[in-house]
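Quick setup: one chain, the form predicted on its own, written in C-alpha cells, and binding and motion questions come after.
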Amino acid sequence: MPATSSPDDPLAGLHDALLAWLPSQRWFPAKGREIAGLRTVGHAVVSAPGESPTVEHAVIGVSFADASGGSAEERYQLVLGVQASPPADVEYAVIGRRDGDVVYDGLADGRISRLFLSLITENATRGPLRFVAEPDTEAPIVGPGRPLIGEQSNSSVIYGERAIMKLFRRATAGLNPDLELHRALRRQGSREVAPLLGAIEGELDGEPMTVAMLQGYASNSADGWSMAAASVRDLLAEADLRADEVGGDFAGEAHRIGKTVAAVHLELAAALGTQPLDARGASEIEAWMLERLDRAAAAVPGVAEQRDAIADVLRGVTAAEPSTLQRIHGDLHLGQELRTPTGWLVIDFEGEPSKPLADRVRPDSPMRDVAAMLRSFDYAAFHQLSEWEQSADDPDPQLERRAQEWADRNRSAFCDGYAEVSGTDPRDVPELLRAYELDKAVYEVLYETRNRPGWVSIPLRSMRRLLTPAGRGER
C-alpha cells in the first residue's frame, strides 16, 4: 500500500521507498506482517549547514493491517545520509531518492559514524539530540566506524577495535534499560560489563528517549554461544569419551559465567536496591506468565494441549519461599556473554525485545536470569544435535544422551559458579526455578514458531521435560 504524507513532512517522497526497504533489514522484526502505512514521528538534521553528506535522524511509525502480531504501530530510528552522489561503498545501503538526492542508511558511511563520535566527545547538542560523554571518561579519538555485521535487533559501528556505538532501532519513550543499567554498573565499578563511554539522547512524545550508546569494544573476544556450540560438536564427535574427557569441555567456562552473572546481580542490587518478593509481587509475576502462556496457547497447538499442566507449574512462583526482587538482565543467554582474554563480560541489558518498556524495567527475581541461562545450555546442546541428526523424526538415542550429558554438566557448573559468588544456590529453590524455566520455554516456543520454525522442537522438548516428575529438580 502506498504511503501517504503531509506536504510539510521532511521525509515526504521517501515513505514508499522506506516501505520497500524495511522488510529487508535484519533489525526489522515484523517481516511477516502486512504494512499498512508509514509516518514521520520525529526528524532532526544532525550535520551543520553546508556539510556533506547531510545527516538526518528520524523516527518513523510503521502501522500494520493486522495488529494481532503486536501493536498497531511500531516506531523505529533511522540515521540517514543524503547526498547527490554518495561514494560507491555505501551503494548497498541506498534506500531511495528524495528531491534529486540519494538517501541511504547513514551507519554505512564512515564519515557519519565519525561525526557522531566527535559530537559525543564534544558533548554537543544538535536540535533535540544531545550527545553526552560519560563523566570522567575519554571517548577514543579514532577514525570512521565500520558497521557490525550480523546483528538482529539493533545496528552498531565499531571504531578501530576500541569502541562500539549501538543505535537502538526500536524507538521507545523512556530511558533504555541497556543504558540505565550500564550507568548503574559503572557506578559500582563493575568489571563484568564493557566500559560505558557515552550516549546519544533525544525526545519522543515529550519524554526522554535513548538514541544510542557508546562503549569500550571487547576486542579479541568470542561469544558464549559459539564457544558452547564448538564444545558440543567436540563431544558428539567422540563416541567413547565423556563430556569431562573431551578437549573442548565447556564446564570450566560455564562455572565462570555463573560467577559473572552472580556478580552482576549483586552489583545491580547494590546500585538500585531490592524489595521482598511478597505474595502480591508473586501474584503479579504469575499473572504475567499466565498471560504469555495464553498467547502461546492461542498460536501453538503443542502449547494449547498442555496449557493447564504448564499453568500449574507457573503457579510455583506464588508457592515459593520468600525471596527478593531487583533489576536483572531480563534476556540472558550464551550469546549475551563475551569471553575476553581476562574473563567474561555481560552485554545487551535491554530485556526481552517483545516486552513493553514498563515490563522490562520492572524488578524481578534473579532466578529469571538463571533460568534463562539454563535454557541456553539446553539450546546449545540440542541445536547442535539437530545439526548432526539426519532426521528429527528418528533421533539417535546415543547422540541424545550425549547432548543431554553436555547440558546437565554445564547447567550444574553454572549453578555451582553462581552459588560460589552469590551465596545462594539456585537449585535450593527448585519450584521457583522450574516455573521461570518453563515460562522461558513458552516464550521460546512462540518466538521460534514465528521466526525460526525449524528450531521449535528444542523448546517443545524442554517443555515436556519440565512437565514430568523427573524434570522437577535440577537434572
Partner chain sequence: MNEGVSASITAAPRDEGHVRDVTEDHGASAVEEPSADDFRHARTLPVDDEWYKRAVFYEVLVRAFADSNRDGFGDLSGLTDKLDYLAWLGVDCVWLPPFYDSPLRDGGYDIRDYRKVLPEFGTVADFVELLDQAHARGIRVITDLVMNHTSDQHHWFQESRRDPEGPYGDFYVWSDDDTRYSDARIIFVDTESSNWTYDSVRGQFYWHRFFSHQPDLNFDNPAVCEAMIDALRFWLDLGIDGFRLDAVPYLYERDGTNGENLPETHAFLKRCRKVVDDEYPGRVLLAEANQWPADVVEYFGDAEVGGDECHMAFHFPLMPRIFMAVRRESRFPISEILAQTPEIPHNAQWGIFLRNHDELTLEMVTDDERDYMYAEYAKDPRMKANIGIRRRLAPLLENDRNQLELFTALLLSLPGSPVLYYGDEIGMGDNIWLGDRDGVRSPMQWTPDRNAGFSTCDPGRLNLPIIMDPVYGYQAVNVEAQSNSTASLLHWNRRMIDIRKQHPAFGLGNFHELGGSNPSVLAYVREHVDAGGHRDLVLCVNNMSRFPQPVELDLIAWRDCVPTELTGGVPFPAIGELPYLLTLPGHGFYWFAIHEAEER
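Please read all numbers here as calculations on a predicted model, not as lab measurements. Residue numbers count along the first chain shown, from 1.
There is another form of this protein, the form predicted in complex with its partner chain, and it is not shown here; the text below is about that form.
Colleague: Does its partner chain, in the predicted complex, lie within 4.5 angstroms of each residue among R295, S354 and D359, using heavy atoms as the measure?
Modeller: Verified in the predicted complex; spot residues all out of contact, no.
Colleague: Given that its partner chain is not shown alongside this chain, does R146 nevertheless sit within 4.5 Å of it in the predicted complex, heavy atom to heavy atom?
Modeller: Result yes; R146 sits at the interface with its partner chain in the predicted complex.
Colleague: Just checking whether D99 would be counted as a contact of its partner chain in the predicted complex - the rule being heavy atoms within 4.5 angstroms.
Modeller: Result no; D99 lies far from its partner chain in the predicted complex.
Colleague: Does the 4.5 Å heavy atom contact test between A222 and its partner chain in the predicted complex come out positive?
Modeller: Although its partner chain is absent here, A222 would touch it in the predicted complex, with heavy atoms inside 4.5 Å.
Colleague: Does any part of G216 reach within 4.5 Å of its partner chain in the predicted complex? Heavy atoms only, please.
Modeller: Although its partner chain is absent here, G216 would stay clear of it in the predicted complex, with no heavy atoms inside 4.5 Å.
Colleague: I need to confirm a contact call. Of E151, E161, E203, E284, which residue comes within 4.5 Å of its partner chain in the predicted complex, counting heavy atoms only?
Modeller: None of the others qualify; the residue that does is E161.
Colleague: Pick from A304, A237, A124, L272: which residue has any heavy atom within 4.5 angstroms of its partner chain in the predicted complex?
Modeller: It is A237.
Colleague: What stretch, of 195-203, 225-233, 296-304, 368-376, brings heavy atoms to within 4.5 Å of its partner chain in the predicted complex?
Modeller: Selected range: 225-233.
Colleague: Only counting heavy atoms and a 4.5 Å limit, does any residue of 248-271 reach its partner chain in the predicted complex, and if so which ones?
Modeller: In sequence order, G248, D249 come within 4.5 Å of the partner.
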